[in-house]
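Take a look at this one chain, the form predicted on its own, written out in structure tokens.
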Amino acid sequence: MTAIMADGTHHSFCRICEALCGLEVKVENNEIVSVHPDHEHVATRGFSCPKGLKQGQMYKSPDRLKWPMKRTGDKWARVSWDQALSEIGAKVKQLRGDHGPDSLAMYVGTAAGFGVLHPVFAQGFMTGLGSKSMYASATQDCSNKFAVAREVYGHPFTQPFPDLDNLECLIIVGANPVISKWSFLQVPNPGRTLQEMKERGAKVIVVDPRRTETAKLASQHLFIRPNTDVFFYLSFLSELERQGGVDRKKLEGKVEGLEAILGLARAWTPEKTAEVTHVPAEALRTLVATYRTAKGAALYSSTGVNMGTNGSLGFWLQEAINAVSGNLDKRGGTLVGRGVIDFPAFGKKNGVLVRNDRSRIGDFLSVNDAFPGGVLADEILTPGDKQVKALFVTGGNPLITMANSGRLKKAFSQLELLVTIDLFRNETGSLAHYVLPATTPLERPDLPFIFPLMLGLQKKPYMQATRALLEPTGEQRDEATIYLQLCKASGIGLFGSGLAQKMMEALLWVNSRFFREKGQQPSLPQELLLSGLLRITGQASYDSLLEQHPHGKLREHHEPDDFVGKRVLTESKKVKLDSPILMTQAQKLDADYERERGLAEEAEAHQQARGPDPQLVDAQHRRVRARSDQPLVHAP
């Protein structure tokens, strides 16, 4: 039911990040001998980063968790799965009974998202508990995109992306895809992709405070003061209208709130915003003209914008610019992909990822059914109804990735139950009461994760399946099985369904008894579950993908004119540019502008008092001499 590959060279794909690079993996005696890029892969074309190629060494680390561990005081001891599950389940029952289901929380890390079954069963466990106390790494760096998409398009998982193969102008704001591998969108070998775009004549322009790896490859680089992106977008939209770049006739019946958002932007001229952004007015006008006159253009941003003071407003204005310029749902503009199912429509209909809950601390609206990770410490430390008493951490290490780690460490130390599920006992795990060992990506079968699978967020759409390449060398279990067993130990049903729980338990029993060798850990038939997903969505069978398409199978190309007027999920079925929440939030922009202007003036006065840095002056002179025909602000 879950086959392990024999010795030899096999084809799989990496699950460390969104790039999902195709891999050629040589296995001998249940060990990774070598990992190479798959040069025949239908999309990744023989590219992989050093992390992907060295992951086999990481998984062989002597620090790898091999069996459940329990902490008592400052002492750690190996325990059996039965003991760990029984004790965790008993504590969950006690806390749930004494303090209610919301006293039990979960933090979902990024690693959990790069598999198909892991996040599904983790959510199934929390839904079974009846708890809404979900926190996620996404709330630290990209929740603005999900929150805005819900307001503008009707569901958080509607995420337009640049049509990189056909656009003539790409403006990248606050992102470094050469290193990040292009957040949300699967773009293998982004450096090569950007170079190919330039070779066919496309202009790639980076707006960033730092000369990043991407900026070095770009056609042009505009420096901008950090945390002022929203003002850049405001003057861009203002100037776009002034230059006649808004086609009201084409937008009629497709968007609502056009005049409201244009009216918001009009006062923000390039001269005004230059005072805080330090992007010269004339440079911005030229940039707008380049964007406006291109046959296809797109603005794209990532964490540099997302994590700023006005990340949501900035992304909202970016999406508005792409829409009002006629580039949304356009060949060479931005497209909205199709997954194996229309997941946003499914989510909207069934209430998935669109809860309207608010956090106990701060009264924050949930995004993707998760509260901000930044309030987790306060939710643990602040007494009262729904105070968090227990935390499950899955595929993440919040003690390292979240801000104010000292306060978070204090909060974690106060928990009555802290459980981590991971490959290693990391910094967060060092404070846990129990650490449960999980399998690595190479020890489980899989399909591409939810963004490419369900949303079609791929530059080149394709499907691929992989078997487990290795058998665990200890007592590691896959996360889906762990959460199913935690449900049983806690006396709840998966997704709150007794029938679903019994069915999964039956599958676990059959697979573990009849299809696994003696001594192997119990496991759900993961290939069977993944195969069922493919059948339900009308895709090629799991076996045919493995046997006939080891390098991946191409899916239909992305098409323009496939979203606006057809798949927009707002109440009006139109792209909503005047969301009341966002329009209200925009009222604070004047005050934010004055604050940024004050900070800019203080920085300039401080610099003048210090005098010029000889090293910086010399470096600038050398750069100007090397590029004497280009202004420094435009230096590529």
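When you see a residue number, it is the position in the sequence shown, counting from 1. Here the structure is a predicted model, which is why all the values come from computation and not from measurement.
Unshown form predicted together with a small molecule; subsequent notes refer to it.
Report whether the minimum heavy atom distance between T303 and the small molecule in the predicted complex is within 4.5 Å.
Yes - in the predicted complex, heavy atoms of T303 and the small molecule come within 4.5 Å of each other.
Counting only non-hydrogen atoms and a 4.5 angstroms cut-off, does K389 reach the small molecule in the predicted complex?
K389 lies outside the contact set for the small molecule.
So in the predicted complex, is the small molecule close enough to H118 to count as touching (4.5 Å, heavy atoms)?
Yes, H118 lies within 4.5 Å of the small molecule in the predicted complex.
Answer for F364 alone: is it within 4.5 Å of the small molecule in the predicted complex, judged on heavy atom distances?
Flag for F364 set to no.
Just one of 310-318, 201-209, 516-524, 353-361 has heavy atoms within 4.5 Å of the small molecule in the predicted complex; which?
Result for this chain: 201-209.
Answer with one of Q464, Q159, T334, N227: the residue that has a non-hydrogen atom within 4.5 Å of the small molecule in the predicted complex.
Checked against the cut-off, the match is N227.
Could you tell me which one of T269, S180, Q501, Q539 places a heavy atom within 4.5 Å of the small molecule in the predicted complex?
Residue within 4.5 Å of the partner: S180.
Is it the case in the predicted complex that L264, A294 and N327 each bring at least one heavy atom within 4.5 Å of the small molecule?
Per the other structure, none of L264, A294 and N327 touch the small molecule.
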